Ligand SMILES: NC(=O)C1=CN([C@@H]2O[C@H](COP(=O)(O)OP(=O)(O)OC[C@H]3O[C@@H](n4cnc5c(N)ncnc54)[C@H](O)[C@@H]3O)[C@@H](O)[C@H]2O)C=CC1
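Okay, here we've got a single chain as structure tokens, the form predicted alone, with questions on binding and movement later.
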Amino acid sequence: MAEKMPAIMKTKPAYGAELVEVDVPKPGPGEVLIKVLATSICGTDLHIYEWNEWAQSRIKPPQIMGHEVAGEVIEVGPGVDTLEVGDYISAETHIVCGKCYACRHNRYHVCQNTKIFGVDMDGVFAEYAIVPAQNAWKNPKDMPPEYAALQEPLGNAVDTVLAGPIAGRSTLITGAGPLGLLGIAVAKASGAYPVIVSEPSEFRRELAKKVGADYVINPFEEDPVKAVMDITDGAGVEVFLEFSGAPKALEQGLAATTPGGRVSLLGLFPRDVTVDFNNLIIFKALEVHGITGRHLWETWYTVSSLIQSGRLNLDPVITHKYKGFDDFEEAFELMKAGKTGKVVFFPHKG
């Protein structure tokens, strides 16, 4: 194995990133070194690339980017007895403390001291990466690396869709970006019907159809609330899943939800949002869930089982595959323009 490797690094506090050569890291106590087989771009990575307000407040360059990953263990650090060389793993990217109030109540997904790969420490956009052994998830050997790398964001979608009953429930999904597309796949695999998607991008509306959406709405050309009411004979949807982070989509989705229905919110909003709580939530007795991270490790079992079942239609979600990192800027710019689903890098070109 070489001593140096290419990596996508946020080198300075400005727009963009650079492909640099860095030392291959060595695993410390409780860590393993993996050969990265596949790694995918997340919305968080795009925020860091764009250097938005959140990134400016959180990221401390220079730092290797990326956190969604699948790889092979090639070296085991001291004290690791749960993994061995040759294991094929994915990674839970939230490193939790295990000691705070939330952790001690088994709410690890909202650990008050969470650290994240590629956000609070070096990430996985490289040929090799360090993973804490406690964050490793062993994969079946026959799972494609691009699927294995998607398990982390797929966990977000699973927790959003399955926060309540979904089988046989009419469902509205706002936003068909990468996570919204995964949400469509999970909803369809779990028996939701009809699945209605509101998405302004023509490219992503077409992807939503390929993944299995039953109805697709352009909210810039028709009123999503009226469309939903027409489809549901005036009842509104039983389940509203918000993936877009668009304030108008939130308002429309709440208005389109039937009284007593369920709402799951995963999209992050760019600013404070004003909502008519009285008429859209309280008087309608809506059940509202905020979704963050994944439940450790329950959600991982669900995700892995769904993939292995063959019921998830993931291929249309993965729209771009790159061998190596040479074209990473193209990948980020396409994603920024809304012209991708999930983008996957395969770092080793051979």
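Computed from a predicted model, the values in this text were never measured in an experiment. The first residue of the shown sequence is 1; numbering continues from there.
One more form of this protein exists, namely the form predicted together with the named molecule; it is left out here, but the text below deals with it.
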Original post:
Where the named molecule sits in the predicted complex, superposed onto the shown form by the site's C-alphas, are 3 or more of its atoms within 2.4 Å of backbone or C-beta (blocked), or none (open)?
Top reply: open
**OP:** Spot the stretch among 254-262, 76-84, 135-143, 267-275 with residues whose non-hydrogen atoms come within 4.5 Å of the named molecule in the predicted complex.
**Re:** 267-275
Original post:
Taking heavy atoms only, is F243 within 4.5 angstroms of the named molecule in the predicted complex?
Top reply: yes
Original post:
Is there a heavy atom of P61 no more than 4.5 Å from a heavy atom of the named molecule in the predicted complex?
Top reply: no
**OP:** Evaluate G293 for contact with the named molecule in the predicted complex, applying a 4.5 angstroms cut-off between non-hydrogen atoms, and reply yes or no.
**Re:** yes
**OP:** Tell me, yes or no, whether G43 is in contact with the named molecule in the predicted complex, where a contact means a heavy atom of each within 4.5 Å.
**Re:** yes
Subject >> Heavy atom distance at most 4.5 Å to the named molecule in the predicted complex, all of G177, G180 and P219 >> reply: yes
**OP:** Using heavy atoms only and a 4.5 Å cut-off, determine which of V225, I196, V96, A249 is in contact with the named molecule in the predicted complex.
**Re:** A249
Original post:
With the named molecule left out of view, which of H289, K35, H320, H47 would have a heavy atom within 4.5 Å of it in the predicted complex?
Top reply: H47
Original post:
Relative to the named molecule in the predicted complex, which residues of 122-158 have a heavy atom no more than 4.5 Å away?
Top reply: N156
